[in-house]
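Before any questions on binding or motion, here is one chain by itself as C-alpha cells, the form predicted alone.
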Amino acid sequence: MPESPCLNDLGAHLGLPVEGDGSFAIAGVAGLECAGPADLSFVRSRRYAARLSGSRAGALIAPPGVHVGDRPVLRSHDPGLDFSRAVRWFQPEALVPAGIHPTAVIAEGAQIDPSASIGAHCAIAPAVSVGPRSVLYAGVTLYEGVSIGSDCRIHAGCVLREATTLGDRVVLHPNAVLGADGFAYLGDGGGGLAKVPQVGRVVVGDDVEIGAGTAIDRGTLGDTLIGHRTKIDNLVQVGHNCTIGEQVIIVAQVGLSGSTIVEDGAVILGQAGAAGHLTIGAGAIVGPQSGLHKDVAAGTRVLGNPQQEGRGFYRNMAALGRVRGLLRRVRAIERRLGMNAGDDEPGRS
C-alpha cells in the first residue's frame, strides 16, 4: 500500500472504476454512521442509500446507480465484499517475526519450520510438526503428534490434543480446544458409568476458521472431520465423530451431538442443536434455536423446536397470533348459547 493512499490507488488494487476525485486521500475506513470527511465507507445496496444523508463519509464504495452526491465513489457490484478487501488493504494483518520465544517449551523431536513463530509460554510435545509461516501465539499447548500446516494462526490459549491435524491457512481463535475426549459413557452393570475410551483424532481441512471457546471432540475410534473452507463461530460444540463438509457455516452456540453429518454448504444458525447420528443435507439452512430430532433434507430450510419445514413454521407462527382472537369468538358464541364452558380457565382474556 502507498504511504499516502488515494482512491485511485485503491481502485487499481480492487479493480474498480473511480467516479469523481480519484486523488481523494484516504485517512481511514469506517461505517456510514461514524465515518468522518477523510474516511472511506460503503453502501451495501439501494436499501441503505437513505443513510447517506446523515453520513459524513468523504468517499464511498457503492453499487452502480446509487446516487452519492458529489462524493468520489468506487462502483462495485458487491460493495460489502469489496469494502472488506479495502479494509484488509488499508489495515493489513501485522507480520509476526519467525522464531521461538525463550519461555516456550519445545520437546525433543518436535519439528518447527524455521519460518514459523512460537510465542511465549507455548508447550509443544514430542512428534509435533509446525509448518512454514505458521504462528502460535502465547500459551498454545500442542499434545503429542499434533500436525499444523503452513500459514496457520493459532491464537492464545488454544489446546490441540493428541494427533490433531490442521491443514493450511487454518485460524483458531483464543481458547479453542480441538481433540478433547468425546462425551461417551456406558452403564457398568453396578449402577455406575464406565467411560468409553476416545482414541480417534480431529482432522481439519484447509482455510478453516474456528471461533473462540469452541470445542471439537476427537473421534471415539475414527476421526472427527472438518472440511475445507468451513467457518465455525465462537462457543460451538462439535461432538465426537461428527463429519462437517466443505464451506459449511456454523454460528455461535450451536451444539452438534456425536456422529452428526453436515454436508457441503449447509448453514446452521445460532443456538441450534442436533441430536446424534443425524444428517443435515447439502445447502440446508437450520434456523436459530432450532432443535433437530431427524434428518434435514438437502437444500431445505427448517426452524423451530422441534424442527419444522420453513413454510410450515411460518404458517404455524401466524396461526398462533390469531389464537387469542379465536378464543374470544368461541367464548362469545358460548355465551349466546348459554354455555359456561371455559369459565374455569385461569387468566383467560
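A quick note: this is a predicted structure, and the numbers were derived from the prediction, not measured. Superpose the two forms; the largest set of C-alphas matching within 1.5 Å is the rigid core. When you see a residue number, it is the position in the sequence shown, counting from 1.
The protein also exists as the form predicted together with another copy of the chain; that form is not presented, and the subsequent description refers to it.
Student: Identify, from the list R71, R85, R169, R133, the residue with a heavy atom within 4.5 Å of another copy of the chain in the predicted complex.
Tutor: Looking at R71, R85, R169, R133 one by one, just R85 meets the 4.5 Å heavy-atom criterion.
Student: Please check if T165 has a heavy atom lying within 4.5 Å of any heavy atom of another copy of the chain in the predicted complex.
Tutor: No.
Student: Does any heavy atom of P97 come within 4.5 Å of a heavy atom of another copy of the chain in the predicted complex?
Tutor: Output for P97 is no: heavy atoms all beyond 4.5 Å of another copy of the chain.
Student: Can you work out whether H13 and another copy of the chain are in contact in the predicted complex, taking contact to mean some heavy atom pair no more than 4.5 Å apart?
Tutor: No, H13 sits far enough from another copy of the chain in the predicted complex that none of its heavy atoms falls within 4.5 Å.
Student: Taking another copy of the chain as it sits in the predicted complex, is A252 near enough to touch it, meaning that at least one heavy atom pair lies within 4.5 angstroms?
Tutor: It does: once another copy of the chain is placed as it appears in the predicted complex, A252 has a heavy atom within 4.5 Å of it.
Student: Could you list which residues of 231 to 259 come within 4.5 Å of another copy of the chain in the predicted complex, counting heavy atoms only?
Tutor: Sequence-ordered list: K231, I232, D233, N234, L235, V236, Q237, Q247, I249, I250, V251, A252, Q253, V254, G255.
Student: Examine M317 after superposing the rigid core and state whether its CA is displaced by 2 Å or more between this form and the one not shown.
Tutor: Yes; M317 is a residue whose C-alpha shifts (by 2 Å or more) between this form and the one not shown when the cores are overlaid.
Student: Once you overlay the rigid core, does the Cα of A25 travel 2 Å or further between this form and the one not shown?
Tutor: Comparing forms between this form and the one not shown, the A25 CA shifts below 2 Å.
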